[in-house]
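Heads up, the chain below is alone and in the form predicted on its own; it's given as structure tokens.
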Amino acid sequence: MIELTNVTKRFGATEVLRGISLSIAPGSALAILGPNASGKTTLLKCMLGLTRPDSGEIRINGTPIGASAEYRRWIGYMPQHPHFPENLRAAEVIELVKQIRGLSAPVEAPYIEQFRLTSELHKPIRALSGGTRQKLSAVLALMSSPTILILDEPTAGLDPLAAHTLKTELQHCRQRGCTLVLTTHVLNDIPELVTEVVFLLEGRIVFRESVPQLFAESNSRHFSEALVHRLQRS
């Protein structure tokens, strides 16, 4: 369970999050949508404890963010722009994360095969393309079999085959009961990956609705059209 209560965040004079209250049940699959600068990434980083809210409370499985780092063991995270130590090799980054998470078995092996990363493992991070770094980020997020996955634009920068592989893996995670929270501008991904959407605008929640309901209300087969139809009523 992820629970946010009246969460606010300001950067200088800009109020990025304005009283966000949101409850995400275990096993849910939720997309947080909105235009650029609507607060999506900041909201995800607050859930992860990477950004501290100015006010309000966030609990992960009942544990308040900031009270302990224990909750992080439940979470897999895939940032929009992954940053790794440039001097390390990809294999070394994987081993480092495994040590931090207390993983000893070769849990990364099936994901390395799925994303075709074997030939990239012994290259330094600085030699990897953006898409390859994104694949490495996917491996790191998935390999611990987390109960919560938080993904910021996960298919951005991936080639079609890698994007398909990632979406397949995310569907497998959902089937085993993993909670999925993501942002994306690739609207065609939405019906494949999530069952609910939250739309943010200027740091506030405009609406929360199920994907089937959006389609039914708009009488459209295209998610982009269904989303526009809902926004016109807001």
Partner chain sequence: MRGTLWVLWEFQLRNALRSRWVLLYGGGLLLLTALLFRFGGTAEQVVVSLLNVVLLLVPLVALLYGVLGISSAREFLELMLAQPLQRQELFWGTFGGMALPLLLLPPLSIGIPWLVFAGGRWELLLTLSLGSMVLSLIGAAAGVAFALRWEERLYAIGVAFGFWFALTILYDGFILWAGIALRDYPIEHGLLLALVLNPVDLVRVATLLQLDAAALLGYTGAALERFAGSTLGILLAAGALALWCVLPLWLALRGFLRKDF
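Residue numbers count along the first chain shown, from 1. Please read all numbers here as calculations on a predicted model, not as lab measurements.
There is another form of the same protein, the form predicted in complex with the partner chain; it is not shown, and what comes next is about it.
Can you pick the one in I148, L151, L117, L140 that has a heavy atom within 4.5 Å of the partner chain in the predicted complex?
That would be L140.
Using a 4.5 Å heavy atom cut-off, which residue among E70, E57, E209, E202 comes into contact with the partner chain in the predicted complex?
The residue in contact is E70.
Looking in the predicted complex, any heavy atom of R101 within 4.5 Å of the partner chain?
So R101 counts as contacting the partner chain.
Would G131 sit within 4.5 Å of the partner chain in the predicted complex, counting heavy atoms only?
Outside the cut-off, so no.
Would G49 count as touching the partner chain in the predicted complex under a 4.5 Å heavy atom rule?
Output for G49 is yes: heavy atoms within 4.5 Å of the partner chain.
Applying a 4.5 Å heavy atom distance criterion, does G157 contact the partner chain in the predicted complex?
It does not: once the partner chain is placed as it appears in the predicted complex, G157 has no heavy atom within 4.5 Å of it.
Output the sequence-ordered list of residues from 82-112 with at least one heavy atom within 4.5 Å of the partner chain in the predicted complex.
Heavy-atom contacts to the partner chain in the predicted complex: H83, F84, P85, E86, N87, L88, R89, E92, V93, L96, V97, Q99, I100, R101, G102.
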